[in-house]
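Take a look at this single chain in structure tokens; it is the form predicted on its own.
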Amino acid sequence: MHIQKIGIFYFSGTGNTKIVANLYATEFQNKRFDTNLLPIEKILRKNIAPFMSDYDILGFGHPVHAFSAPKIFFDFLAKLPNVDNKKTFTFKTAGDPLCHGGSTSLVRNCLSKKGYKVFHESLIVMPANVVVKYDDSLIKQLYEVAVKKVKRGTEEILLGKINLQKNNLWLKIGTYLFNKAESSGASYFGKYLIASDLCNLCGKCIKDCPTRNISKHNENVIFGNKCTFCMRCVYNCPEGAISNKYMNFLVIKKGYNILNVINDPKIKGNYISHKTKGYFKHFYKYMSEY
């Protein structure tokens, strides 16, 4: 098939998946393919179906939530128009290579039912943005590995190489159960977000929220029940005013901004090696495969 145009649709909370989507777009563009990069929340807000016929190859990217994709991503898939065997690749970002980031079956099935022929799937491990902040050296190393994996993935996609994740029965069952619980868990997290006295009502969180879960009422910031647990409002607040009443242990105390690390030339990505022991030992295999 002669490829003329590529469309990459993605959702990103605090920037990991956006970075990977940009890496894919850059690789395709460097190979002189016309490539569009499209955040799905903007499409959902317009409430219109994108014109998939404009593209010869489609890409869909999402962060891993509860071994699957966040609800907002499935909401987007539900609104996609039907197509006829459109060549499609998917990618997901997770903070750990454990179980390949979880099953891809739910996403693949949603796409397949609408005629999107998924032939290439990939997991890109990026820094975790909850509970524990990764060492800066590990953050830089994961990014550098991501660059190499995306470069290889791009070449495979253009060659039409089939690369589908193996989803065993237990992974499928676990993903299904976790995915069912993810929406209610995200909603619960959002319900108990609070803005402290540091809030100056700048409105950034309201503007940035992908599900329009945040509003202002009587000079107060109000959080609803449509949270998708992207953590964007918490980490992007200029005043650091947003926290969670009961689950603030999930929030990295010093915040999360991956760009500060990957753009710092003084930080070296040398945290993991074949000699690594302890928890991060299993990262070495992932980092060695590209």
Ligand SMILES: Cc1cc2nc3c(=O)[nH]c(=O)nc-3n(C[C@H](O)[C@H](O)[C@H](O)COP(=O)(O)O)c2cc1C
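Just so it is clear, the structure is predicted and the values come from calculations on it, not from any experiment. The numbering used is simple: start at 1 and walk along the sequence shown.
Missing here is the form predicted in complex with this ligand; even so, the following discussion is about that form.
For the candidate spot formed by 6, 60 and 81, no residue has a non-hydrogen atom within 4.5 angstroms of this ligand in the predicted bound form.
Contact annotation for residue 142: none of its heavy atoms lies within 4.5 Å of this ligand in the predicted bound form.
Within 4.5 Å of some heavy atom of this ligand in the predicted bound form lies at least one heavy atom of residue 127. At a distance threshold of 4.5 angstroms between non-hydrogen atoms, residue 261 is out of contact with this ligand in the predicted bound form. Taking the partner from the other structure, this ligand in the predicted bound form has no heavy atom within 4.5 Å of any heavy atom of residue 33. Just one listed stretch, out of 51-59, 23-31, 66-74, 261-269, contacts this ligand in the predicted bound form at the 4.5 Å heavy atom level, and that stretch is 66-74.
94 is the sole member of 94, 147, 110, 118 with a non-hydrogen atom within 4.5 Å of this ligand in the predicted bound form.
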